[in-house]
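Next up: the same protein chain in two forms, each one alone, written as structure tokens (structure 1, then structure 2).
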Structure 1
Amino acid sequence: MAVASISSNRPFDHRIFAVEHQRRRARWRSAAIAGTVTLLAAICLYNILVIDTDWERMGSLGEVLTSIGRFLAVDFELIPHLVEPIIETLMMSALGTALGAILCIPVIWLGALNITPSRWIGYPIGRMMMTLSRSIHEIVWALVFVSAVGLGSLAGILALAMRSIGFIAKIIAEAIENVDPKPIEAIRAVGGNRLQVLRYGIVPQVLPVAIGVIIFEWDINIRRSAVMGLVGAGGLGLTFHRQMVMFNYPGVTTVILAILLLIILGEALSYYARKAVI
């Protein structure tokens, strides 16, 4: 063992050698990891850059720069037409978050270990629903709902709601699991029933967390609601899509700027709202 050979009862030279040997081994280990990562990257790069990419169609660097250049303008005429989609996007995100917050109540009930009705059936189902909701991309959710309820913002709202359930439910369920048991005991002691325990023992402790996470999720949902339209679920995404299809590149830039504005607004609002709650 290298460790033993550094110890003080060996000749000094041996110990130096042992230290150096150990350091070399550590370096080789890092080099091996780095090498593997690089090798994998090289394979992927080869597949993507050499096999998959049609360099001739892309054209020279100049042509690529020109196509980037097309975006560097703002279409001022579009701005009045953006007001409605912006409002729609904002409302979609709010409704989606609200619906998600309502729908996550049963999921939390199932998936929080200390209030779940059944540890062996309810709890795994609740947890699975959380994972499923979070692991499916919002675009996939939107596709599902567009095909179910047709084009329009309802599909977007439902998609956002489904996507939000997982995160909101997970955070609140964890907060409930970490709740301070003393107030609950106190309410039991004065003779409260199960529902009263929930109302007076758990809800007050969890409420700030819940409001915080809902506001946070709303902030993220603004960003998501802006792309719902790409698959036909209304809002700014739809405008973006139209501009793209019409090859109106300055218009595309304008829509992106509008989205940025909305996101910055939402971020600032949610920052202050969360500060007010906490």
Structure 2
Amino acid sequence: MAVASISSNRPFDHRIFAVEHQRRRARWRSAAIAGTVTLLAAICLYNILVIDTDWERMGSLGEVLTSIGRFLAVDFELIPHLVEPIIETLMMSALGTALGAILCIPVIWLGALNITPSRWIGYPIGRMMMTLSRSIHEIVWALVFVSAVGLGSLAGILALAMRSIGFIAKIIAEAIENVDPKPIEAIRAVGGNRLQVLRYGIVPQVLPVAIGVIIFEWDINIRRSAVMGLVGAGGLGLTFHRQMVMFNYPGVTTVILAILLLIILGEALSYYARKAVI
């Protein structure tokens, strides 16, 4: 009986040993990953803080605090001149988002796998256009359009529109790919064509997502348009650039506060717009 009991416990002991061995390997693996990440972080910090930082030019702590102190003031005389740039920034964000939402319609049609006219040609083109739009920064788009149409808000609107296409099209295209197929099958069963399937089977399902994405993109474009003027595309960014060029540090702080208030306003407007529409 004792021999049988010992032999019956051996498989159990073997399983305990295997579990302990797996746990030990997992601990060593976690320690190795943590050590590698720590080493890479230390290398990055050394390259950034020690090698790439011009400590001599930075000066002493007192000089740094003095430089920061230049911005701790507000230019009240500049405030009346910020009304027009604020309105211009809001208009740029709204028009850029609206134009981007219109231009992304053919991109969505090509980039949604279940409605694309061609899986081998149209679908890759649509996805490539989404990636291209998202990959290029809005400042780069603004530089392109400033050189094409000149200085002013039009370049900023076009840059925001091009930047918005990728995000809006990608989210809506993926929502179209995940729609409930039952309404689509019912419309096809009664003889509906592709346009009717799109109009009555797909659009009602993705419309709340589309509206929410467009409002959210408009909220993001308020932030983008606030700095678009740094490259001559109008708005508060242009005023910010002028204050920096004139070394009017209180004016720079005033423009930053105006941008902050504009972003807070955009957050509130987008929140209530989503609540009202969706």
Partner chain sequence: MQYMATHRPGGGQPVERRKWSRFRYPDTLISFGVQLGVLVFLGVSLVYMDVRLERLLEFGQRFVALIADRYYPPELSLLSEARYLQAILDTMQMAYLGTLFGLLLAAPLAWFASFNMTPNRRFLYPFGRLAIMGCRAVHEMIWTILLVSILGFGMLAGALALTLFCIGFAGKLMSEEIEAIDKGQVEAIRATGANELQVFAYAVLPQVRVAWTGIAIYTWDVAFRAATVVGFFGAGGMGWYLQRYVQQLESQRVAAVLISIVLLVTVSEVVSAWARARVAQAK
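Remember, it's a predicted structure, so these values are computed and weren't measured experimentally. We call the rigid core whatever largest set of C-alpha positions still superposes within 1.5 Å between the two forms. Numbering runs along the sequence of structure 1, starting at 1.
Between the two chain copies, the one drawn from the form predicted on its own is structure 2.
Comparing the forms between structure 1 and structure 2 on their rigid core, the Cα displacement of Ala31 reaches 2 Å or more.
Core-superposed comparison between structure 1 and structure 2: the C-alpha position of Leu45 differs by no less than 2 Å.
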